[in-house]
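One chain comes next, on its own, written as structure tokens: the form predicted on its own.
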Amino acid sequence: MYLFKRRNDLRHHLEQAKLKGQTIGFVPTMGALHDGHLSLVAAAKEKCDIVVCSIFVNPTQFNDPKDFEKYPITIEQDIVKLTDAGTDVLFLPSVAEMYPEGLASGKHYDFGNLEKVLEGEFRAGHFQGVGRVVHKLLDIVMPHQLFMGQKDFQQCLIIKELIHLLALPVQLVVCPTRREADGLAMSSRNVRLNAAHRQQATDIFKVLTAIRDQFGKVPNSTLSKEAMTQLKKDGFEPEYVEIITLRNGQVTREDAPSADKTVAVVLAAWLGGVRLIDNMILQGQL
């Protein structure tokens, strides 16, 4: 596996590959890798000739400085995992390399209501930071395909909109959420849960499954309210549980959505000082 820390060196390496007619698959991450990330690498290996993975904890997408400080850093273990997974290239830039212009300035992206609801409501500025760093990374790597996980549902919608807004020549491939045997969605933040909270966290999957089983039989708003109540009863501090319908790339809340639209339940909840997010598609596909 090749490791690059400077954008120009990476660009030159990938340009040589493209001259040979090789296709590039890209998996952007913030490190603290788990099997969910590695499943994206595996998907990229199936579809592309060269797999590029990046590890960069992006400061501009953290609305809470304490959350940024607590984000787990496991570079040495990550390199071993990526090597064993057959990753071809790792991009490991510094903040100065990614933001030579500084963190304060930057392009504004018009994501519409997509960045103001759900995660956007509770994490002001988060998706502008996500859009900014992904735009930079795509400009550097210039991949044919971009691989992301469904667990970050709204982020996938944001990146899909980013690609549309900028007419970027890349295909977004959204891969299914990888889960532990007990249903908990794999996440880098899970390592911050103590043993009791780790076991308790599986209640999130139970809530999602209950909504899936009742979807179409009970009004969506009722299902959301009941799920919020259940999470509170189980000891969580839920921020939202919403059943959403996707219309033209934007999010709407409808009790009786059209049969031809994608519908999903998305949620965010705190447990033991750790913020957990998850989702489940109820109808259609992302």
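Nothing here was measured: the structure is a model prediction, and the numbers come from that model. Don't overthink the numbering: it's just position in the shown sequence, from 1.
Note that the form predicted together with a small molecule isn't included here; everything after this is about it.
Even though the partner isn't displayed, in the predicted bound form is residue 178 close enough to the small molecule, meaning a heavy atom within 4.5 Å?
Because a heavy atom of residue 178 falls inside 4.5 Å of the small molecule in the predicted bound form, the answer is yes.
inquiry  = Taking any heavy atom pair closer than or equal to 4.5 Å as contact, tell me whether residue 151 reaches the small molecule in the predicted bound form.
reply    = Result yes; residue 151 sits at the interface with the small molecule in the predicted bound form.
(Q) Taking any heavy atom pair closer than or equal to 4.5 Å as contact, tell me whether residue 29 reaches the small molecule in the predicted bound form. (A) Yes, residue 29 is a contact residue.
Practice item. Give a yes or no for residue 257: in the predicted bound form, does one of its heavy atoms lie within 4.5 Å of a heavy atom belonging to the small molecule? Key: Result no; residue 257 lies far from the small molecule in the predicted bound form.
- Query: the small molecule isn't shown here, but in the predicted bound form which of 137, 186, 168, 89 has a heavy atom within 4.5 Å of it?
  - Reply: The residue from 137, 186, 168, 89 that makes the contact is 186.
Which residue among 155, 200, 145, 128 has a heavy atom within 4.5 angstroms of the small molecule in the predicted bound form?
Contact check passes for 155.
Quick one: which of 221 to 229, 234 to 242, 44 to 52, 29 to 37 gets within 4.5 Å of the small molecule in the predicted bound form, going by heavy atoms? This holds for exactly one stretch, 29 to 37.
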